[in-house]
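Next up: a single chain in structure tokens, the form predicted alone.
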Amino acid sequence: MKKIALGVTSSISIYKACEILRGFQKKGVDIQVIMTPNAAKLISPRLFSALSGKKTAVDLFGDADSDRIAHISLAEEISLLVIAPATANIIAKLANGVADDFLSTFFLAVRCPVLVAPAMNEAMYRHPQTQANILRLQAAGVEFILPEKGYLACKEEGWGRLVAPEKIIEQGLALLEKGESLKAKTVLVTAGPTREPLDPVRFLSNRSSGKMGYALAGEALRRGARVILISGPTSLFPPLGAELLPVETAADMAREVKKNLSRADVLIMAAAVADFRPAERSKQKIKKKKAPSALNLVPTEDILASLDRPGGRSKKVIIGFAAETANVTANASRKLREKKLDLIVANDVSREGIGFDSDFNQVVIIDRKGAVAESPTASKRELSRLVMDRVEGLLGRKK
């Protein structure tokens, strides 16, 4: 039996949490309820304890006699966290890492998918800060089922009404199922830029932030995969649960990819690997007065083209990325054919507001049959879902 945690906060729609709890139970799901202290002032935790058959968690330090840290041990047991209803206050806490009660602290400890269903007054919901907090959580991988327009507690019609419990249950069950769709699979992801040293101080690199690769690694983890993340230098925190292998140069990345490819069912080459490196690397800092008038560059190793894949290639799904500034589809299609990829994801990095250094992108996805699918402009988190959906389809055909 799968186990989920149901977070309940102090919205007037709190009574609908009972319906949500019962709905999940009817689908054979085990429920642990977590209430905020303010929610416990609206409805007694005993009600949820009676419905769930488990003591409702409210106080972060409530079980002083236990030798287990409650929010940590529970986080290891559950497959999904649902927060419904979710107030503006809890959304703000989650978005900013505030952990001052059981629920907000528990959120920071979970590795499973999280589904949030907001419910509040329209003015609060549409406030720019609330919307910014929702976007920030969505970019971090939190799923939202946004409120509807309807009759609110303030006796006015507006946006902010909690969606019907059956919709929350339906989306929660879908997340539970997706959370195991890549179970027993290993996904190898490369991310970020590489740096090619000129001397101990200077290097050649590019503008890649690594956000797309990290989003893909996080999405694979949420689907139950084992994830190996080979990352060039970035300022990002790796997704919790990923095996991080930090690298610096294109040669470093090539070495780690070849070393770990045999462990992987899927290879996603999302890194922006440098195409060239300085022919010579000075052991000392090059002084300005002695700087050469031109740099002598040599090609770096083409990692995808150099992979030794006889025999085992047919069982691996291999995805490439192409950062282009012109003729995006044509250039990406050629790369897909030349490197014998199963899928390529391409984007125009010359466009402002998307691509390098941005949380958003717009991509073209091309498969081996030449089919082209163009995405809308979306967060890299949302695009990672599109790519991983395609990966799952390819894995199904390679069984």
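Note that residue numbering begins at 1 and tracks the sequence as displayed. Every value quoted in this text rests on a predicted model; they were computed, and no experiment measured them.
The form predicted together with a small molecule exists for this protein as well; it is not shown, and the discussion that follows is about that form.
Trainee: When the small molecule is placed as it is in the model of the complex, which of 164-172, 133-141, 294-302, 78-86 ends up with heavy atoms within 4.5 Å of it?
Mentor: Of the options, only 294-302 has residues within 4.5 Å of the partner.
Trainee: Any chance R226, A264 and E392 all have a heavy atom within 4.5 Å of the small molecule in the model of the complex?
Mentor: Checked in the model of the complex: no contact with the small molecule for any of the three.
Trainee: Among A270, I90, A119, I230, which has at least one heavy atom within 4.5 Å of the small molecule in the model of the complex?
Mentor: Filtering the options by heavy-atom distance leaves A270.
Trainee: Consider the chain as shown here, without its partner, and state which of S333, Q32, T36, N347 has a heavy atom within 4.5 Å of the small molecule in the model of the complex.
Mentor: Selected residue: N347.
Trainee: Does P113 reach the small molecule in the model of the complex if we count a contact as any heavy atom within 4.5 Å?
Mentor: Outside the cut-off, so no.
Trainee: Given that the partner is absent here, does D357 sit within 4.5 Å of the small molecule in the model of the complex, heavy atoms only?
Mentor: Because a heavy atom of D357 falls inside 4.5 Å of the small molecule in the model of the complex, the answer is yes.
Trainee: Can you check whether A95 is within 4.5 Å of the small molecule in the model of the complex, heavy atom basis?
Mentor: Taking the distances in the model of the complex, the answer for A95 is no, it never comes within 4.5 Å of the small molecule.
Trainee: Is E324 a contact residue for the small molecule in the model of the complex, using a 4.5 Å heavy atom cut-off?
Mentor: Contact with the small molecule, yes.
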